[in-house]
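First, one chain by itself: the form predicted on its own, in structure tokens.
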């Protein structure tokens, strides 16, 4: 059996996770990792060739799908449209407000050379997006709710670390249990941002830093904390490493509604993850299989989880899927 040859662009938590996830799939192999760092300084979790970012052009024809593991803020908006002209790609772009424009740019670039660019793959956007579209289609009269956590938000943690006087930090997004229960009870509440989640911050301050100023800056930070009830705890570096070194996350998508005769329905999809990046990586690898199969059928352009049929994701052939899973 010819294996699907993967490339990994960027080797942080997500890149390491992709390598580990690929090792769990017998039809996959990682051909190379590409980095903007000195390749000799990159220590991989499993043996693999590490190349400079610029060397990927030498791998055209040797890699079936390139998995892009950079950040959504600055990496992916530049890299995806460049790399998809050389390879099929999968990425985890997660800036929800910019998804439409990102799709248009990726679609145009992919079609130039006949490749597929699968974008916003992960669990939200990604699997949660599928839950929202399936639930909404099946239950026309209802409301959809998304709750995140309890888990570490890497973006919010980074935002705290940018505050002057902060040495390190972790931020947990915490769903408000009373709001979640109201949804599960079929009340169909109208919930504000503040009513759905709280934010809990564990901060290591630099010696001599003004703690009151730091707390005020965090709580008033627009787009991150200003719209939420936020708690700030100042702790030691040792406590942060001991109790907050992991990257757990998860959440819920629910749709609550009723039939025309007032029969009540509740649909729920939930995730509880010890490692956010490792789980996201597993989803990226599954969708790399889908991209490979769709490209062999002649599909090109940008695609999302809405465009990739479930049959393309499974390692089972279609007959076995019907026999075992249908």
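The model shown is predicted, which means the values in this text are computed figures rather than measured ones. Residue numbers count along the first chain shown, from 1.
Below, we refer to the form predicted in complex with another copy of the chain, which is not included among the displayed structures.
- Stretch-level contact check against another copy of the chain in the predicted bound form with heavy atoms at 4.5 Å: of 150 to 158, 70 to 78, 196 to 204, 100 to 108, the positive one is 100 to 108.
- Exactly one listed residue, out of 56, 31, 50, 271, brings a non-hydrogen atom to within 4.5 Å of another copy of the chain in the predicted bound form: 271.
- Think of it this way: in the predicted bound form, another copy of the chain has a heavy atom of just one of 232, 179, 235, 130 within 4.5 Å, and the residue is 130.
- Using a 4.5 angstroms limit between non-hydrogen atoms, residue 124 touches another copy of the chain in the predicted bound form.
- Using a 4.5 Å cutoff between non-hydrogen atoms, residue 305 counts as a contact of another copy of the chain in the predicted bound form.
- When another copy of the chain is considered in the predicted bound form, residue 12 lies well away from it, no heavy atom lying within 4.5 Å.
- Contact annotation for residue 267: at least one heavy atom lies within 4.5 Å of another copy of the chain in the predicted bound form.
- Although another copy of the chain is not shown here, in the predicted bound form the stretch 274 to 292 places heavy atoms of 274, 275, 278, 279, 282, 283, 286, 287 within 4.5 Å of it, in sequence order.
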